[in-house]
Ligand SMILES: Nc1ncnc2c1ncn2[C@@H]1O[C@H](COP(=O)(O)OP(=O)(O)O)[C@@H](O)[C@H]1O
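Just the one chain here, laid out as structure tokens, in the form predicted on its own.
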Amino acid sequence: MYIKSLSLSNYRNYQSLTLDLCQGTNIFYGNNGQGKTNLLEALFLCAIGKSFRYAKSGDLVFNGADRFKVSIQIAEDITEQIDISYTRKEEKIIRVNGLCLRKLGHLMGNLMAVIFSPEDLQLVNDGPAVRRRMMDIAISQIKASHYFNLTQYNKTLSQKNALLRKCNLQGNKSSLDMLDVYNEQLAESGAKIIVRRNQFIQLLSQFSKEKHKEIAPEENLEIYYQTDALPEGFFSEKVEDIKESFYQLLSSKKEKEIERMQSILGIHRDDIELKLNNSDLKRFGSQGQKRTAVLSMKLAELSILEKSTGRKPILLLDDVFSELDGLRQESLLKSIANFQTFITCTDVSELPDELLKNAQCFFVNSGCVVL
């Protein structure tokens, strides 16, 4: 699978653009602020239906326009075309092979993508939400059902929190019964999410450790899944066992949640623990060690997506080569040799000669792209 072409209409700073892309490495170079990252964002949008920059759909519309459209053509795959359009007055419309998708989750897996940018140091330095988002995007591309379970969980959680905010909940039998219903629904969808997340993190830890050893042989990277949705020390691979344990734990916290008027535990608080040589990477790791860990995780994610689906994801590298030393560049080049890769940089001279040999280079200037 690879992307043959990308077409944009009124997207970000591109009023109209069509690019024919090569199967190997595509490089977008030019000064900062010209629209290079916007091209990667458009490609990633076709994979998960959302921007990797946390932007709202309205933010993606060309200044002065009221709509945008992004289209890609895909070769050597069942999915041949993906079209995403948005109008300020209407919902986002997603079509795959000409068929309109009713739900965003149905897009997952049609195109798989991994994004790596300097901002990904947030995976180490920022709070749990960033790490949850990373693993949920990866898992949803492997199993679209994970996305639907997340949607159901978050909907139920919102309803439960609205109920808990009612001041007269204590002693109100109908409200207490409804709270039990919400807890049962959270346990049902949450158990499936826990199993998927745990399986993914086990694979991520295994593959990341191997990638990390290639770059820093003396260092040992380990990744652990953390959840407060289960009693300490308990775990099972069976969804029913986890569901029952999660529900019992939610029930035991009912009085405290009523008192605080909010949910105090659940998979929406999950996290990933990163350890380097048995020490907390966030607290004790250097910038170089953190950067190496993130690179290892991204390369591991690439391998997991391919091995789990038998299909090759695309790799998006947003201005990362300038951040990597020679050893890390060498490891990256070795890992991406067989993947369609899209790279942004300010100057092609900063890229390794080996990478440039068979690459297709596009110069980007103020929303115009020249081969």
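Numbers for residues come from their place in the sequence shown, where the first is 1. Predicted, not measured: the structure shown is a model, and the values here were computed from it.
The form predicted in complex with the ligand is left out here; the points below concern that form.
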message: Is residue 338 part of the interface with the ligand in the predicted bound form - any heavy atom within 4.5 Å?
response: no
message: Using a 4.5 angstroms cut-off on non-hydrogen atoms, would residue 53 count as touching the ligand in the predicted bound form?
response: yes
- prompt: Is the gap between residue 59 and the ligand in the predicted bound form 4.5 Å or less for some heavy atom pair?
  reply: yes
- request: Please run the contact check for residue 13 against the ligand in the predicted bound form: heavy atoms, 4.5 angstroms, yes or no?
  value: yes
query: Within 4.5 Å of the ligand in the predicted bound form, heavy atoms considered, which of 34, 303, 26, 331?
result: 34
- prompt: Which among 321-329, 308-316, 59-67, 43-51 is in contact with the ligand in the predicted bound form, heavy atoms within 4.5 angstroms?
  reply: 59-67
